[in-house]
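One chain comes next, on its own, written out as structure tokens in the form predicted alone.
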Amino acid sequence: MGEHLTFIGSVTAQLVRAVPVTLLILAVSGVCATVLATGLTAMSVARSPLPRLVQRTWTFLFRGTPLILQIFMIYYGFAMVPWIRHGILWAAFRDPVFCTCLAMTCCCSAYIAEIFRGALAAVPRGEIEAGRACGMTGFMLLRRVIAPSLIRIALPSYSNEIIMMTKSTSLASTITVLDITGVAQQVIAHSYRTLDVFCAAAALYLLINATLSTLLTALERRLDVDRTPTPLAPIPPTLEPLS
């Protein structure tokens, strides 16, 4: 029993050292995918048909193919392109962490863009018309009316996508990235104790996702004006009748 606990402690320490790699992939991919998804959402409501076509094509391609296939195509496939392999971009595309972040950014931006697009369609038209009636410019209307409502509507689905991205970072181990799953596979190759190692890795993923879920739920409650209790107005003092 003591030897088993010692092994679990040693494995956990090795996996914890790989947590920063997992968090780095998640942070870079999450930020870049959100920025790209914002642009795709703007393209989806553009007046010109070309941006709308680009948005629909992007969404169709990256939602319709597996993420692991996209990672393989970027890491292994782009290495066969001469102008990439012998150009200045090779310094980036030979890095497996960069390729993982790029693949996750492209894939997850398609899902987040659909979340934003649905939230944008759900913004009450009355709020927009009221803003226009008050004389707001387009940018002011976006900043004060559309964006706050869109964020509140999209946040629950966006939070789920962030949790899914956290689990998707484990695919980085398929192209030699030593994240949590990658280190776990290395330990298993030397110890042959598959169940113990994967249970320790699963515990770390659960801890990361539980922390993210708690933070995102707190943010959702803070932004949900319908649940925010309004302070009660002070009760005026009772007027005594004049004698």
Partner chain sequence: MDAAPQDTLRTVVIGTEGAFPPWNITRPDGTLIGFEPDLLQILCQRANLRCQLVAQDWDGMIGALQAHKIDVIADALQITPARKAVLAFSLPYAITTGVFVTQKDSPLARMANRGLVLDLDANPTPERQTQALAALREELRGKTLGVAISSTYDAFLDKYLAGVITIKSYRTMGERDLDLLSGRIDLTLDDTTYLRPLLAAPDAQDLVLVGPELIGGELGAGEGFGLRQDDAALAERLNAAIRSAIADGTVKRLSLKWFKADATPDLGPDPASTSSGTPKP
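Positions refer to the first chain, counted from 1. None of these values were measured; they are calculated from a predicted model.
This next part talks about the form predicted in complex with its partner chain, which is not shown.
- Residue-level contacts in the predicted bound form: of A27, A189, A218, L50, one residue has a heavy atom within 4.5 Å of its partner chain, and it is A189.
- Within this chain, W83 is remote from the site of its partner chain in the predicted bound form, having no heavy atom within 4.5 Å.
- Contact annotation: A79 falls within 4.5 Å of its partner chain in the predicted bound form, judged by heavy atom distances.
- Although the partner is absent from this view, I68 contacts its partner chain in the predicted bound form, with a non-hydrogen atom inside 4.5 angstroms.
- Within this chain, T194 lines the site of its partner chain in the predicted bound form, having a heavy atom no more than 4.5 Å away.
- Of the residues in 155-180, those that come within 4.5 Å of its partner chain in the predicted bound form through at least one heavy atom are, in sequence order, T174, T176.
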